[in-house]
Every structure is written in structure tokens, then in C-alpha cells.
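As a starting point, one isolated chain is supplied in C-alpha cells, in the form predicted alone.
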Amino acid sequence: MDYLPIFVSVKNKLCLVVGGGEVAKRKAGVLLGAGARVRIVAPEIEPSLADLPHVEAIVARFEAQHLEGVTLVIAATNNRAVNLQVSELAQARNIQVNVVDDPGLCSFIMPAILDRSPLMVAFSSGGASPVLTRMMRGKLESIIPQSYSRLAAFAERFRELAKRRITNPAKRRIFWENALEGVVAEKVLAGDEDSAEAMLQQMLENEDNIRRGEVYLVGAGPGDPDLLTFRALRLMQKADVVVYDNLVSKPIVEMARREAQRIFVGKKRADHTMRQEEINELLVRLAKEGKRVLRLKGGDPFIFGRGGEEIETLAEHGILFQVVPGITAASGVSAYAGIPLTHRDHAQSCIFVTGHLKDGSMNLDWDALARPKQTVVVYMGLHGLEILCAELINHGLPDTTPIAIVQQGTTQNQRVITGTLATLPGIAQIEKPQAPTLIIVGGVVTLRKKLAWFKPKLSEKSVSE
């Protein structure tokens, strides 16, 4: 972060606006709306600006003396020399200063604001694109109605009472989530606060009924955060603990509730941070402690993600759980690589297999895989690439069959290496792809050059013979 996002109280404090035009008027209006007293300094000041209540208008050129007693400064002139002078003098006195449309002179940024007081949402691009921040505010304007102001005020009225009644912070947070996502909130938003108050009081009297621990088994998709589902995002913001795998990208982990504890349980070939049985036991223990546990798994939890084993254990111990499907790697990675899994000219069927069995072997049903007009997607198959290609050839597929390795698919570091069953093992020895990878076998690979649309940072390797 280039700036620390905070909300500052300026109520009854003196703030200085340097400038007397339309921009200065807008900035003064924001400060007045926050309860500040405003001093305006400029050689010329619009009458409508000087006549605003709680405004001290000084018709003069800016001088250092105008900073006396000031808490915060905004420079809103069209003269950069004046703006620079304001910035330097203010920062020399440790007074926070904003210069409109000149981030280099600012010690703080004025965000775009969505005002649902006491609920406030602020947007900032760090001065990079004020237009973009206003666009983002406009998007939220349509999904956060003005009535949310009533809901925030309603919650404020009962905050201290809830704090006294429910002393456990984790339980109190769950109480408020249940209230603000359920019927109580609907009543407030509809204007029926009397009914909402009665319901809230009843909830407070039945503290023991507040839901105990639960596990959310969430598919994080193949890597791109934009591929998360809405339900996944909602549950990620509820979690007390995040238990995540090696295949879950860092940007996705960071989207979970900031205060949540994070536990890495990633597994790589021959390098297991925690055995699967230990992960299962960890989920049970955390849930029994009354925590909401987000179990983040790359791709889809039920496609080579061992999610079935985890919920078997949860069910045996009577732990509540939810399962949220994710976009599996086969679907997401192939799409970003421009390789359709099925195509009527190349493949009428598609089969998913794992290239790493429980005993460490690659003993697959080769006769079923080596069929024409079929796409084979191999998870965790990089280590056994030579065996894979040789066995498919031995069981009837032409050695000219196209094959692709996609490394870190759907991310900005995506890399695609293509070849044939005969050539790809040699190419891979030279290119040295690194896990996580996905292997795609079949005629659909030839469509890649025509259909690829995703442009990663790194140049991709495409070799065929």
C-alpha cells in the first residue's frame, strides 16, 4: 500500500482550503460535511463560497501565517508554484496536506466517498486514476441503498448492549453477522425498526443458540481471483481461521477476512507441510473451538482435491460444514490457454485423471486414455511426463498427437509449452516447467494458436513438429 487508509475526525477543527474557485468549493463542502470549521484563502473567492456557514474567507495571497491553528490543508489552486509552497510549508509543520490532482505534493489523498452515514466507504487509487475511483463508487451506489444508513445507525444503538451481553468477541461477531444478514436487517431496511428491535432482543436473550463452529470447504479456482464465486467471497469474509493449500494463490488468500488466522497446510511432491490425516484433525479441532474455518483448496475441492476425505471426517464428528464448488483447473486453465476441452472436429469426450496415485506410481487405465477423438487432462502429471507419453503411444495413440503443459495457468505468470507425445518430454527437459502444471492431450491443443486470448507477462513457449 502506498497510503494507509484511515478516517480522520475533523469535527470542530480548523481546516484550510487554499483556492477560491469551483474545486475549492467542492473540497470545502466535504470538510463542512464532516463538521469542520473552514478557512479559505485566495486572492479571489467566489461569493457563493465565502457565504457558506462556518467559513472564514480571507481574500489574500497564501502566506505561512494562514497555517496557524490548522489541522489539515487542501491546496486547490491552478498555480503549481502556490500549491508547492502550501505543501512544503504544511509538511514542515507536520500538518497533513492534499494538493488536488498532484499526488507528488500530497501527504494524504482525498478519496471518492460513498456516504451512508454512519456507514462510510472510501475509494482511492493513490492519485493514479481519480476517474476510476469515481467509477467504482458509482458501481457500489447501485448495490448499497441509502437505507443502509438506517441499518448502521440501528446497529450502533445496540452495540454496547450486545457487548455487555455477549462477552466472547468471536461469538459477538457471529451474533452481529446473523443479525445483519438475516430478518432483523430486512425489517430495518423496510422501515420496521420496532419489529427489528424485538427480534434483536430475543437473539440477545438466547446467546447459547448462537451457531458454533463450522467449516467452509471452498474451491479457490485455478489462480485468477476473478474466477472466485460470489458465495466463496461471502464466506471468506466470515472466517476466523483460513486453512489453505499450496495451490491457492497469494492474492486469493489475501481476500479472506484480514483479522483471520492463516494456517498453511500446503503439500508438494515429497514435501508435505502436514499430512492429510492431520489436516482433517485440525479442521475438527478448530471447529470444536467454536471457530468458523475457511478451508481453501485450489481448483474444485471434489476434483482431485481430497475434499471428500475432509468432509467424511467432519461428518463423523458432527461438525457443520458447507461445500462451495470452484472452477477446476481443467476448465479454467484450458480456457486461458485457448484450448477447448471438447470440439466437434477434435474431441467428443474429455477425461480427467491424476498423474500421481496414492502409492506414488502412474499406473493408469491406459487403454481407456488412448482413444481417438478424446481429450485427456492430467493433474499432477509433470513428474511422470515421460511415462505418460510413452504409455499413450504404446497403447495406440499416434506419436504425433498434440500435447500441452500449462504452468501456473490463469495467472500473470502463465506459461504454455506445446509439442507432441514424441517430442514434449525432450522439450520439457530444456524448458524445465515448474509445478503447478496441467497437461492436456488431444487434437484440441492444435486450436491454441487460433483461440488463445489470455496474454500473460512471460512469453510462452510453443514447439511442435
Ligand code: SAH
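We number the residues from 1 along the sequence you see. Treat the numbers as computed from the prediction; the structure is a model and nothing was measured.
The same protein also exists as the form predicted in complex with this ligand; that form is not shown, yet it is the one meant from here on.
Put simply, of A337, A329, L294, I74 only one has a heavy atom within 4.5 Å of this ligand in the model of the complex, and it is A329. Site annotation in the model of the complex: the residue of A36, L397, A428, V406 reaching within 4.5 Å of this ligand with a heavy atom is V406.
Contact annotation for T437: at least one heavy atom lies within 4.5 Å of this ligand in the model of the complex. Taking the partner from elsewhere, G298 is found to have a heavy atom lying within 4.5 Å of this ligand in the model of the complex. For A162, no non-hydrogen atom is located within 4.5 Å of this ligand in the model of the complex, even though that partner is not displayed. Proximity of V333 to this ligand in the model of the complex: non-hydrogen atoms within 4.5 Å are present. Comment: 408-416 is the region of 27-35, 64-72, 408-416, 45-53 lying near this ligand in the model of the complex, near meaning a non-hydrogen atom within 4.5 Å.
The three marked residues, G213, V284 and A315, fail to reach this ligand in the model of the complex, with no heavy atom of any inside 4.5 Å.
Along 222-245, a single residue, P222, places a heavy atom within 4.5 Å of this ligand in the model of the complex.
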